[in-house]
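A single chain comes next, written as structure tokens; it is the form predicted alone.
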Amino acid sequence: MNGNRKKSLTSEGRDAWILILPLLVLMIVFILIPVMSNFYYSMTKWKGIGTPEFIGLRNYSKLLTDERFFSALKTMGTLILYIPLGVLLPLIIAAILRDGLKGWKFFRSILFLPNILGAVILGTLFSVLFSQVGPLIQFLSSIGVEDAVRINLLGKSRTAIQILSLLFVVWLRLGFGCIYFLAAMGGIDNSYYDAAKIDGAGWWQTFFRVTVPSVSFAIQFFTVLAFIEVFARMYSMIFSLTGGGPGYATYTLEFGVYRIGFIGFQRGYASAWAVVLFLFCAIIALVQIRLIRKSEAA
């Protein structure tokens, strides 16, 4: 009897390994090996072709004197400051739509439109809209605004980063956030809202004391996702909207990896940038895991 049971367990273990083996091979080939290779290349001088020259930590010391690197960190810090607005705004709109706003399906479709168009199309559209010969400047000139051409919103560091932040961190994610939070709110028991009404709670009190605590896990996940997108998914918007400029005002680590590695052909130095980006993303992932475990324990 015990022998048959052991044989059955052994068979189940073998079948399990057979099922997960293809996934393990794919992870090793397309994730583990590239990551380890990148760590090695970050300590070399390499143009992408030929034999890499090992130089130790020289690329990392170069980061500490590179204006582009610190500009990228500053840009990402500014983008992170917009994340609370990028989370709170769709959460509030979703709560309004949940209450039965007339024509809410139409509003949901309009809000989701940026996600359908995508970052490249939106970046190109707004680069034309805000250009010195674009529709916005033409309109301001037509209504008598003097020196409208000098406005040049994307040509100034301060305004360029604000436009990028509002478009990518807030507006582009608004539709998905509303749909996501609406789905999360669908699991809230209506008795909580009925109890809040009986207690005389207003809309904002109900929102912060009932809705927000009930979807706290969804908020945590959406916030972590926002951080990951800021660190590792902004290339297409930056490339099509500002090209990293003016100067290095809208540079990010991700964009720097592309410019240095594929335009400047400094693959070893670009790998050092990628390692820093990897460490940031790893920290975000660890925070997410800790939040999930904390919520499960509660």
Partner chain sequence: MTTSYRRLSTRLLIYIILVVFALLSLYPIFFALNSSLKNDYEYTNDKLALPSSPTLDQYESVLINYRMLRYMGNTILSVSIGTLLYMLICSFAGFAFGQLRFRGRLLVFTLVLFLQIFPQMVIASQVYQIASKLGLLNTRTGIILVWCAYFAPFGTYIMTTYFVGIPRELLEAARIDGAGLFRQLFSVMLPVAKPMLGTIGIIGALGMWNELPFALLFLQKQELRTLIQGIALMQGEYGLTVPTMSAAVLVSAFIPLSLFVVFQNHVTMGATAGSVKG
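Keep in mind it's a predicted model, so treat the numbers as computed, not measured. Throughout, rigid core stands for the largest set of C-alpha atoms superposing within 1.5 Å between the two forms. Numbering follows the first chain given and starts at 1.
Heads up, the form predicted in complex with its partner chain isn't pictured, but that's what we're talking about next.
Chemist: Would residue 258 sit within 4.5 Å of its partner chain in the predicted complex, counting heavy atoms only?
Modeler: Contact with its partner chain, yes.
Chemist: Is there a heavy atom of residue 76 no more than 4.5 Å from a heavy atom of its partner chain in the predicted complex?
Modeler: No, residue 76 stays farther than 4.5 Å from its partner chain in the predicted complex.
Chemist: Classify residue 27 as contacting or not contacting its partner chain in the predicted complex by the rule of any non-hydrogen atom within 4.5 angstroms, answering yes or no.
Modeler: It does: once its partner chain is placed as it appears in the predicted complex, residue 27 has a heavy atom within 4.5 Å of it.
Chemist: Just checking whether residue 64 would be counted as a contact of its partner chain in the predicted complex - the rule being heavy atoms within 4.5 angstroms.
Modeler: Residue 64 lies outside the contact set for its partner chain.
Chemist: Thinking of 81, 153 and 264 as one candidate spot, does its partner chain come within 4.5 Å of a heavy atom in every one of them in the predicted complex?
Modeler: No, the whole trio is out of contact, none within 4.5 Å by any heavy atom.
Chemist: Looking at 184, 196, 148, 87 here, can you tell me which has any non-hydrogen atom within 4.5 angstroms of its partner chain in the predicted complex?
Modeler: Checked against the cut-off, the match is 184.
Chemist: If we check its partner chain in the predicted complex, which of the residues in 128-154 reach within 4.5 angstroms of it by a non-hydrogen atom?
Modeler: In sequence order, 128, 129, 133, 134, 135, 138, 139 come within 4.5 Å of the partner.
Chemist: So, superposing on the core, is the move of residue 143 at the CA at least 2 angstroms between the shown form and the other one?
Modeler: Yes; that C-alpha moves by at least 2 Å between the shown form and the other one.
Chemist: Does the C-alpha of residue 263 move 2 Å or more between the shown form and the other one once the rigid core is lined up?
Modeler: Residue 263 C-alpha, core-superposed: shift of less than 2 Å.
Chemist: Indicate whether residue 64 shows a C-alpha shift of 2 Å or more between the shown form and the other one, with the rigid core used for the fit.
Modeler: Result for residue 64: no, shift under 2 Å.
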